[in-house]
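Next up: just one chain, as structure tokens, the form predicted on its own.
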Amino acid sequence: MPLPRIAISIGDPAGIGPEIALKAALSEEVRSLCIPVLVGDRGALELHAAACKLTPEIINVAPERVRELALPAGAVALIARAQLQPGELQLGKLSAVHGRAILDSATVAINAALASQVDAVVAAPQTEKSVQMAGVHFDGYPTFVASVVGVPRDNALLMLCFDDKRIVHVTLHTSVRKAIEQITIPRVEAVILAAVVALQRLGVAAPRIAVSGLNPHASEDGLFGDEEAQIIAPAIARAKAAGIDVEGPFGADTFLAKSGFDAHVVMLHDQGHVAAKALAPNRAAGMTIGTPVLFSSVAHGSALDIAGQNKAKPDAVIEAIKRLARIGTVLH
């Protein structure tokens, strides 16, 4: 069976994205699992390669020729994009042109996956402020993936993955006040179902799901709020009635320690991200679920302060690639 082709969008050219994307693409572990194909501006990639004292042969490849690609040792493949004019790239700086480059690389990679030219996409970190400076509303990769592939924004969800943990978010990049308004019975039930479908797609035949509460200690039978009784528990009951193996609501401060579950559904951004960043700093990968494209990103930022200094580690990119590349039967 041929190795899967995985596109790696290089992220913010002014941050560590190109550095860690290149280091991941050169990793022997990665190359044993897939054919990595970088997507982004060639000049930006060359600049970061020089800063890291890396001298790979960079082979330009058209998206429609990726299936035919065979990589020589020490070479990397690039779907080259003309994103930056001479002098426009400023390492460590915020810029609208950087923001446009971020979205262009990701769009090309996603469309290649949609056209089955690659099997999956991994995105290096973006810088949300630069994207906003480009005049584009952007609240994270999941909803951006949804907009590119043409599915409703609410369909796209984030699954944080590290070690044996998978955490799916009911709400993500919004204020806590607005997030609470978005937590409804249909929404929670839909997220549970999306988690099950994603896990089955990833090879888990009979997923078991744990669901967190919203309030401290899952409200302790109404002592600290009623969202558990009025919203979350009814959503769990509806999912159970549909044949899903799901339990909860559990207190968000302890439920990740509960064993035997294939995924944990949380209500708020920080209920998942605090745990991931504490337990797996710079190793967690964020997988977008609920869309037809297999897409994963890193759970850390673009680290503008160390861009171009050869200090960044590609661990999270490699972890994201490994999770996708090992789904051999799914990718083909």
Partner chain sequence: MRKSVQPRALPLIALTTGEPAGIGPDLALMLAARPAARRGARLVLVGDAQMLARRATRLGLKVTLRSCAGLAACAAPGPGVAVLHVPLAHPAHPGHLDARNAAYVLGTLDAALAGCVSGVFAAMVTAPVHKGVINEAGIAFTGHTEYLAEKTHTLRVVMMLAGGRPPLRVALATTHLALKDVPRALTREDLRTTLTILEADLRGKFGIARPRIVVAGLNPHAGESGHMGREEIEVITPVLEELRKRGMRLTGPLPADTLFTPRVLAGADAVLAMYHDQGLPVLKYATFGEGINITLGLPIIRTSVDHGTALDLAATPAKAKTADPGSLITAFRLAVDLATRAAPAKRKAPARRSKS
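In this text, the rigid core denotes the largest set of C-alpha atoms whose superposition between the two forms falls within 1.5 Å. Residue numbers count along the first chain shown, from 1. Given the structure is predicted, the values throughout are model-derived calculations rather than measurements.
Another form, the form predicted together with the partner chain, is not on view; read the next lines as being about it.
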| item | value |
| --- | --- |
| V176, D253 and L256 all contacting the partner chain in the predicted complex, non-hydrogen atom within 4.5 Å | yes |
| Touches the partner chain in the predicted complex: D226 (any heavy atom, 4.5 Å) | yes |
| Heavy atom of P216 within 4.5 Å of the partner chain in the predicted complex | yes |
| 4.5 angstroms heavy atom contact with the partner chain in the predicted complex for A307 | no |
| L294 within 4.5 Å of the partner chain in the predicted complex, heavy atoms | no |
| Option from 232 to 240, 256 to 264, 190 to 198, 81 to 89 whose residues, in the predicted complex, bring a heavy atom within 4.5 Å of the partner chain | 256 to 264 |
| One residue of V66, A303, A275, I35 in contact with the partner chain, assessed in the predicted complex (non-hydrogen atom, 4.5 angstroms) | A275 |
| The unique member of A299, L268, M287, L47 whose heavy atoms fall within 4.5 Å of the partner chain in the predicted complex | L268 |
| Core-aligned C-alpha movement of L172 between this form and the one not shown reaching 2 Å | yes |
| Displaced residue check between this form and the one not shown: S130, CA, 2 Å or over, core reference | no |
| Core-superposed C-alpha of A49 shifting 2 Å or more between this form and the one not shown | no |
